[in-house]
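Take a look at this single chain in structure tokens; it is the form predicted alone.
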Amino acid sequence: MEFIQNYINGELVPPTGGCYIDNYEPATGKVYSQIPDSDEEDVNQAVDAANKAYEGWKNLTIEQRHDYLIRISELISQRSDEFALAESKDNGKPYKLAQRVDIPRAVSNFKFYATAIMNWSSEANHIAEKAINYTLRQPLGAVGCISPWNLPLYLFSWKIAPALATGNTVVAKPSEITPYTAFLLSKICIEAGLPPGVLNIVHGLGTKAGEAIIQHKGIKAISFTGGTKTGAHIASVVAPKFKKMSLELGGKNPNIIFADCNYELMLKTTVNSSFSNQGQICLCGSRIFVEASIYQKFKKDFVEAVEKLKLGDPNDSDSKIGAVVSKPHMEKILSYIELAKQEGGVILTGGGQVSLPGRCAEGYFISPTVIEGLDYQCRTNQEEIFGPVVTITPFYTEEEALTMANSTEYGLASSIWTENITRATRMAEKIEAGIVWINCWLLRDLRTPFGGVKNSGLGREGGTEALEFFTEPKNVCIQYGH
């Protein structure tokens, strides 16, 4: 039994209260490590360390900060297999998926922002009164970064890297459900020689450690990714303190398929966008709207393709679907499948828990589930399930597709499949989402803004958006030629 430790002021330390939380492997349903049950005192120590380290870190040259981030990215890359195995064991996702997506993206996050800060420039404007205005972009201080369980290191580094690159120090909390790669990152930071207090990682429950971070007066901004309900609570705490916040929240993303699409590419991509990471990606397309003229063909081909997905032990190289992240989450997903039946839905494939032989006999596995026959306004089509469950619905007109797509409280991502460029651009303008993919899915450029509208969040991450969030602009005006 391994005991995960906090990373505070450059050292690995136990929680001050001496209490721990069980950490389960989703594929087996068994406890395999212990997580610090950190509280306000642990957070206080982390914030104190971050604030003490701030002046020294802020005053390093951009190139010096670049070198630290590059060193961290290189060390993660050198141990990518170790990180991928840890991510798979902690999260339940197939090892091959973590090896192909999660860990390379974490490496890229540190590398991208190390490079971006070297090339980032502020504005200068000359005015007629013989004066020059220029903008200083200054770091905020100690900032709080709270990340979710679905893409643990991927999204953890997505917040930490730009915060550090811009000269802030960080108090970060990974999800208590998937803490292990954050623990490995702590060890990497020590090996990289990152100055003590620049990055502090506090493990524990959101209601204790997370709450202490958002409440702390020494934290200057909050970057959070997670559920909409939690985001609303964070906003209620942080907004009255007039602190900056970035909230990347839930999604109920539409995938709109027109008859003139590239059918084979669409079908292959739609299987992936529906069930990648067991559907536990905020960008997955969980509501599939198909033009009526190809609906029956799509239904047949889609169900056949989904039934070919190998559900199995995440360690098996041919497993495409692993375990969902926890027993409570599995029960939530199964409850929505039962709700769909009550609402008149027809289960075309899947629809239940799967028991595997051997070591995974007690794991949290759900077969990929496809449902039809539901009204677009029913709860199953309106509420975020965040699992391997999708609905399919026919449509007859572009206007009908838009009405259904825009009907939810969410507006994170969307996909549109059509070879008609005029229709594609028209739909992209009208759809209520922060991200629109046309004839593709999850094709990411780290320079682009990432985030949603409506209840999917507040603010944007990625590219210069993240650099701007973690800095405060200051205008300086110099008049000359008196």
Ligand code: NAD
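One rule holds for the numbers: they count along the sequence shown, beginning at 1. The shown structure was predicted, so the numbers you read here are calculated from the model rather than taken from an experiment.
The same protein has a further form, the form predicted in complex with this ligand, not shown here; the description that follows concerns it.
- Looking at this ligand in the predicted bound form, residues G312, V354 and P388 place no heavy atom within 4.5 Å of it.
- Not displayed here, this ligand is kept clear of P394 by more than 4.5 Å at the level of heavy atoms in the predicted bound form.
- With a 4.5 Å cutoff on heavy atoms, E248 counts as touching this ligand in the predicted bound form.
- Interface residue remark: N168 is not counted as part of the site for this ligand in the predicted bound form, having no heavy atom within 4.5 Å.
- Among heavy atoms of F224, some come within 4.5 Å of this ligand in the predicted bound form.
- This chain is displayed alone, yet in the predicted bound form one of T369, N200, N150, S274 has a heavy atom within 4.5 Å of this ligand; that residue is N150.
- In terms of contact with this ligand in the predicted bound form, the residue from I117, M266, I146, M404 that brings a heavy atom within 4.5 Å is I146.
- Stretch-level contact analysis of 173-181, 117-125, 100-108, 333-341 against this ligand in the predicted bound form, using heavy atoms and a 4.5 Å limit, identifies 173-181.
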